[in-house]
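Shown next as structure tokens: one chain only, the form predicted alone.
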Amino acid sequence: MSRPIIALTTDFGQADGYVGIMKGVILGICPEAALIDITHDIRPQAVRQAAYILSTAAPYFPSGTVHLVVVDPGVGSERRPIVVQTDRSTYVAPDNGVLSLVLQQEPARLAICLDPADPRYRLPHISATFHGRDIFAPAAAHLACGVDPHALGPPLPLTDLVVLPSLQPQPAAEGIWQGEVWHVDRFGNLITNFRLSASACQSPVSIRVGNEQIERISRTYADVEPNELLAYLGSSGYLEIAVREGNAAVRLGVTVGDPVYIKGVPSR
């Protein structure tokens, strides 16, 4: 029998003990669980970035994986802790829109609001600032070890789940679309929310990011000279901006949430 998988995505970083503490809680409840780190380097409180990273990683995990997602700027507030099940996976997360993109790929079939008052599936004492340890990690562990999601709290209408606004690029002027940078990877490449088809990449295009203009979409880094700026369709299907053998984020002074403009290629 294969071990249950719990995949973790957080903005906790690795400098503190938060991730290790959550893993300790999980293994104390479900010692047979295999714990996989997707990332703990989401920018603090960057829910949209976490939504993007999760949506690119989740499809490559085995069916039945439990995803524990803790990017939670509303911790301690009235925002709901939830469990969402799809036909492939189970997600334990705050109801703040962090599941918006992954649920476009895997529609939800069940949503549960975790009951923090039920002592069976949480830690005995709940901190106002560390629900990852006290509520989310125990819930993920119990689910991975076979507890029925309905035991963890009351069901929620799927239409009540929080969805992030403006996930798609928007028309900015005649023929011009405005998107944004969703993620900056460790190479300084800028991943945008423009999802383009391969055929669209052959069309005439003008891309403006920061103070620079790019007039074509390349296939790969080798299509341009070293230190030259380029745009290309990345492995996740989104338009990316890079500097060959360089750092686009540093060169352009651009980071997560900054605007990107395209003329000539509509987003899909």
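Computed from a predicted model, the values in this text were never measured in an experiment. Residue numbers here begin at 1 and follow the sequence given.
There is another form of this protein, the form predicted in complex with another copy of the chain, and it is not shown here; the text below is about that form.
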Check your understanding: Going by heavy atoms within 4.5 Å, which of 139 to 147, 170 to 178, 120 to 128, 106 to 114 lines up against another copy of the chain in the predicted complex?
Key -> 120 to 128
**Study point:** Leu156, Val184, Val162, Leu196 - the one with a heavy atom within 4.5 Å of another copy of the chain in the predicted complex
**Key:** Val184
Point to revise | Selected contact from Val83, Val98, Ile191, Ile135, since only one has a non-hydrogen atom within 4.5 angstroms of another copy of the chain in the predicted complex | key: Ile191
Check your understanding: So in the predicted complex, does any heavy atom of Ile42 sit within 4.5 Å of another copy of the chain?
Key -> yes
Review point. At the 4.5 Å heavy atom threshold, is Leu35 in contact with another copy of the chain in the predicted complex?
Key: yes
Point to revise | another copy of the chain contact in the predicted complex: Lys263, any heavy atom under 4.5 Å | key: no
Check your understanding: in the predicted complex, does Val25 have a heavy atom within 4.5 Å of another copy of the chain?
Key -> yes
Exercise for review: Give a yes or no on whether every one of Gly17, Ile21 and Thr56 sits within 4.5 angstroms of another copy of the chain in the predicted complex by heavy atom.
Suggested key: yes
Check your understanding: Who in 98 to 118 is close to another copy of the chain in the predicted complex, meaning a heavy atom within 4.5 Å?
Key -> none
